[in-house]
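So this first bit is one chain, no partners, the form predicted alone, shown in structure tokens.
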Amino acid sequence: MISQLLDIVTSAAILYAIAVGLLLVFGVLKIINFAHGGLMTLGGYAALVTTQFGLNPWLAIPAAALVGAVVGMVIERVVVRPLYVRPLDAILATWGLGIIIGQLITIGFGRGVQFVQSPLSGTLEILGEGYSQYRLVLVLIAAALGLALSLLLHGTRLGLDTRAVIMNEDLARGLGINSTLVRFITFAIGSGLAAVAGALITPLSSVDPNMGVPWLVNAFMLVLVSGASLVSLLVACLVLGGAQVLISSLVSPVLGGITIAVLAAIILRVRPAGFARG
């Protein structure tokens, strides 16, 4: 029972870390960045390269953040910016970019599955049951990411400008806010968060050129039921991620794999605003 509860909490934390960058981009740019999976993969390979050079595995997190942010800057400036007024085209373009990123990684690293050294091994005993220390630390990391992003949005001038753009971009521009710069910085941060998520999950699975793709659909559905709210995203990850864990363990892993998508579709049908207020 304790192990299952911890699985729910840690799975929710992993989903939160994966989806938060996508949520940020969706909230400000009003598009779904389907290159998110490719950026996650870049983060995974940043972690792989970091450990191959014999560096401290924890350095994979800042390395992934840097790689993701820089690539995000290029993507926003060259591909996404001209398509803001054509959101459907932007979605298709980012989907294609995700495929391109995967192919470039295949050229550079091959198609083989590789493994990354975990920065923390062993188990911690909780109420008489041993549980992975690394998965428990991921809960703290996800909480730190959410708190840092919340402080950025509510405690800085950039956050004030960002929230203004989210609420009413035309009015924000009329007040002198450079919405183009806000979009640029937001996309870079969202891309960096995607790469960080990729680096975080690699010690739990493996690294391959398509590692980010399976996570993309679940992240997409979680963002849809969350609107642009960090709190709503947390609720969605706990509820839908918890349901996925329970169905996977009690019924079937195959059914568990589609749980989030199915439940999100039902929630949006009943309540179009999802878990967001309103």
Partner chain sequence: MAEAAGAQGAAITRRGVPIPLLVLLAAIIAVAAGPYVLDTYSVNVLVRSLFYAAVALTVDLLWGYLGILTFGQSAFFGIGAYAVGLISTHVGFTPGLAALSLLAGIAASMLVAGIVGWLAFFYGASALYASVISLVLPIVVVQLLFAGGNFTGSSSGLSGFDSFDDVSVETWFWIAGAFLIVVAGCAWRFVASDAGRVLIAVRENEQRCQYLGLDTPRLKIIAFVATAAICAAAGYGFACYTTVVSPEQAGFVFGTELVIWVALGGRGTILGPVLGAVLIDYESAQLSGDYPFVWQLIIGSVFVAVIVLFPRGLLPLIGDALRYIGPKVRPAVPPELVELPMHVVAGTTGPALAIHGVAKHFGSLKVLDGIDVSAAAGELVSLVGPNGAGKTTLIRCIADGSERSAGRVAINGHEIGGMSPDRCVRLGVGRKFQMANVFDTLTVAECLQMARIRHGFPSVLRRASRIGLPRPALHVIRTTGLDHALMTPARLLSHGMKQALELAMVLALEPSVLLLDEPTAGLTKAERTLIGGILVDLAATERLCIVLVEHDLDFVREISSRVIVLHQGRIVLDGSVDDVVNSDLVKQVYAGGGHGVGAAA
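Quick caveat: nothing in here was measured; it's all calculated off a predicted structure. Residue numbers count along the first chain shown, from 1.
From this point on, the text means the form predicted together with its partner chain, which you will not see here.
Checklist entry - Where does its partner chain sit in the model of the complex: which of 221-229, 40-48, 243-251, 55-63, heavy atoms within 4.5 Å? => result Result of the contact check: 221-229.
Next on the checklist: Since only the chain is shown here, I'm wondering whether L97 would be in contact with its partner chain in the model of the complex (any heavy atom pair within 4.5 Å).
Outcome noted: Answer yes; at least one heavy atom of L97 falls within 4.5 Å of its partner chain in the model of the complex.
Next on the checklist: Against its partner chain in the model of the complex, would L204 count as a contact residue? Criterion: heavy atoms within 4.5 Å.
Outcome noted: Contact with its partner chain, no.
Checklist entry - Using heavy atoms and a 4.5 Å limit, would one call R111 a contact residue for its partner chain in the model of the complex? => result Although its partner chain is absent here, R111 would touch it in the model of the complex, with heavy atoms inside 4.5 Å.
Checklist entry - Hey, in the model of the complex, does T106 get a heavy atom within 4.5 angstroms of its partner chain? => result Flag for T106 set to yes.
Next on the checklist: Counting only non-hydrogen atoms and a 4.5 Å threshold, tell me whether F26, L83 and R86 all contact its partner chain in the model of the complex.
Outcome noted: The answer is yes; F26, L83 and R86 each reach its partner chain.
Next on the checklist: Please identify the residue among L158, I91, L120, L171 with any heavy atom within 4.5 Å of its partner chain in the model of the complex.
Outcome noted: Spelling it out, the residue with a heavy atom inside the cut-off is I91.
Item to check | in the model of the complex, residues of 5-24 near its partner chain [heavy atom within 4.5 Å] | outcome: Counting only heavy atoms within 4.5 Å of its partner chain in the model of the complex, no residue of 5-24 makes contact.
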